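One chain comes next, on its own, written as structure tokens: the form predicted on its own.
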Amino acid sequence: MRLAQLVLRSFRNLVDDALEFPPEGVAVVGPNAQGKSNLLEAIYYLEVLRSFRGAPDRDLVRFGGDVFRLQGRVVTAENDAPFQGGRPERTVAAAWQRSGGRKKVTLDDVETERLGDGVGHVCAVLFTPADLALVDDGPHVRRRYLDIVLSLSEPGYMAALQRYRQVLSQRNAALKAGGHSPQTHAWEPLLVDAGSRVTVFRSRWIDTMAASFSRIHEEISGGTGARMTLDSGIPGLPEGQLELEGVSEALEVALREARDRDVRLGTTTVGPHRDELLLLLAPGEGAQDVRRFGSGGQRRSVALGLRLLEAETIRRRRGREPLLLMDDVFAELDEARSMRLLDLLHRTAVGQVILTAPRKAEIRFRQEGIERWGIRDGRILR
């Protein structure tokens, strides 16, 4: 997959433009606060339909404007499978209008029935220095990571997750309003159905990709072991490979046993919304939570490992080489980790790369293989 063109209209501080990207990629070089990260944000917005910084859509509209619009044309590589209908390219567009707060997404100029239908068509993975939050912040950040990776790679996951969130909201509202009411109990079968599917998706992905995560981390860190595992929010799950029936039974029992506590607290206390993706160092009996016990370098290695694992998931599940977006990735790494990451990227990242750096001397990856663009006050300088 590669991004052939990006059309910008009133997005952040970026000057309206139609950018044509070379097949190998480009390095965007310029001082801070000129718009480098905004450019990567615009591209990744077309992948997940939201800001990777967590900004609401209204903050993405250029100051004084009413609407922003982004359009990307993506092209498959010669050896990749074509898009549906045998087409070698696809146009993805997203727009948001301040008046009315409406978001519109189109694929090949046809508006999608649901916003979720527009997710995942750019096939991009984003690396930023802020990825350290994947390790340092609370469980909700790692659940969001799981949700994004699985929504982009597993058909059916997004629908199950959205259904679970809707029903969870309804049950919590019923708990606050009436406690042990028939309405509260009536939501539980629906919660079990959607929640068990979410749990099985998460568990199977972690089991499938655990060995790859350990290998990637060892290469970046220089040999330190690491592993990931799911600490489920459903007590009493069966041992071994999780099956839908067993998870459903466990969640049904857990909800029933937690009713008194849920009524007292006014919220649902068991379920996949309480999951934690545990990231551990030194696999085995003495494994330690990297969030609590890891050094700064170890935590950065784990965070990079998660992003590289996301790229590997796309290669495996979608049969395409992802577009890599790299926002000054080497800035916070020590020299040894930088060299190991560079070696790993040179061996595995064969697709298009769009990266940023404050100075030409700090372009560490593909120093000779891609074009250089400048940026000043939001204007891209070819």
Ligand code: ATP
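Please read all numbers here as calculations on a predicted model, not as lab measurements. One-based numbering along the sequence shown.
Just so you know, the form predicted together with the ligand exists too; it's not on screen, but the next bit is about it.
Remark: none of the three candidate residues (307, 338 and 343) comes within 4.5 Å of the ligand in the predicted complex, counting heavy atoms only. Only one segment in the set 56-64, 316-324, 344-352, 43-51 has residues whose heavy atoms sit within 4.5 Å of the ligand in the predicted complex; it is 56-64. Although the partner is absent from this view, residue 33 contacts the ligand in the predicted complex, with a non-hydrogen atom inside 4.5 angstroms. The ligand in the predicted complex comes within 4.5 Å of no heavy atom belonging to residue 366. Contacts between stretch 120-141 and the ligand, counted in the predicted complex as any heavy atom lying within 4.5 Å, involve no residue at all.
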